[in-house]
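This document opens with one chain alone, in structure tokens, the form predicted alone.
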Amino acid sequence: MVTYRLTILPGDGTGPEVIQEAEKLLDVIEAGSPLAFERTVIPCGGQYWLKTGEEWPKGSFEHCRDESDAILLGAIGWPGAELPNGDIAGGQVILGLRSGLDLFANVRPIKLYRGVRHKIHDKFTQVWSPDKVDMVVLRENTEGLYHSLLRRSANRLMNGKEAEDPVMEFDGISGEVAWDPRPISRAGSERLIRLGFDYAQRRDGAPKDGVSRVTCVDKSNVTRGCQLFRRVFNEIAEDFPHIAHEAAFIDAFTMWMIRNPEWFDIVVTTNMFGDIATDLGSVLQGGMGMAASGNIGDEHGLFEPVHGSSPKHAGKGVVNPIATLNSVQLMLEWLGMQCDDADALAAAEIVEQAISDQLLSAEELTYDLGGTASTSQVGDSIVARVRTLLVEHYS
């Protein structure tokens, strides 16, 4: 039996509700496979800050760094929970972990399951079949336009104080000025882009033609950081002659992503562009309730749904737990690859199959997918499918 140490951060709003369904899933995997999970649950986020004046208990970062094989996060953010400097309370958790653990790649699968209507359709037609939407976007996660915020969170986390921004003057601009630097490095670009090509080798290619293809998305016709990113991309592509490669400017890409999603297999891009493009991509997969993500580095991985804390739905039991269950699937897959663990990889495949079967059956779906089921009803139904599939796999 293999035991993985998991740190679970339920967070704010609907976070604890969807994390509850994730724990049900972990329970059934433990019961039906050789895998075991030693779990530590740590309170955190804006609501915790409002109660305690802390974003999470002291020592939490060190526990995530030193005592965890993987981290599962619910959501961060709550109305009125704002630090004196204007940053969101709880940002130390997700942003501090990204920076402090060097989680340099944000991995966002964008896949449309059979039985799910994407959000670009009319009443009678569906523009694409599910077979045409299956890409993975890798977003650089520690540099770019969010660098200052990440460093503020990391400094607050590890040093207990804010980092001071350098003083800058801008020709032709007077009065009050707010600014954010956008540093993009060769080293940061290279490791993200190389990981993208590695991912392409593990997939079956783009839906349109089965060609393994990596697309670089940037704004290299305007910004110097993107010019470096593109140059590094072209250099690394030469190391993978069996993988097709191409490039697109971000503004054109957002159009092509919606118009021709079947063309894309792996996309690599910078921090802010990736943040925006992947939320746009969620409309291709049925909405934020379907969108999972992983924040991964060489040694650590943090996995989370991307729908946020959704305060208006908190406590109602109506939100879609599938983004969180898909995040557990990503976590199991990552653990399986990191540890060469066939059982973790098998569990990831089983969770994927159970979710796919659930959606195709159109049974027990939440409101965002046209159903009336509660969060727990959907979770229970998928867990039951996982239980059956585990029995079949290990019998």
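Because the structure is predicted, anything quoted here is derived from the model rather than measured. Position 1 is the first residue in the sequence shown; the rest follow in order.
There is another form of the same protein, the form predicted in complex with a small molecule; it is not shown, and what comes next is about it.
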{"property": "4.5 Å heavy atom contact, R98 to the small molecule in the predicted bound form", "result": "yes"}
{"property": "Exercise: W78 in contact with the small molecule in the predicted bound form, heavy atom 4.5 Å", "result": "no"}
{"property": "D87: touches the small molecule in the predicted bound form, heavy atom cutoff 4.5 angstroms", "result": "no"}
{"property": "Contact test in the predicted bound form: Y146 vs the small molecule, heavy atoms, 4.5 Å", "result": "yes"}
{"property": "Location of the small molecule contact in the predicted bound form, chosen stretch of 256 to 264, 90 to 98, 194 to 202, 224 to 232 [non-hydrogen atom, 4.5 Å]", "result": "90 to 98"}
{"property": "Residue among E82, D102, D275, E190 with a heavy atom within 4.5 Å of the small molecule in the predicted bound form", "result": "D275"}
{"property": "Residue among K111, R213, H118, R108 with a heavy atom within 4.5 Å of the small molecule in the predicted bound form", "result": "R108"}
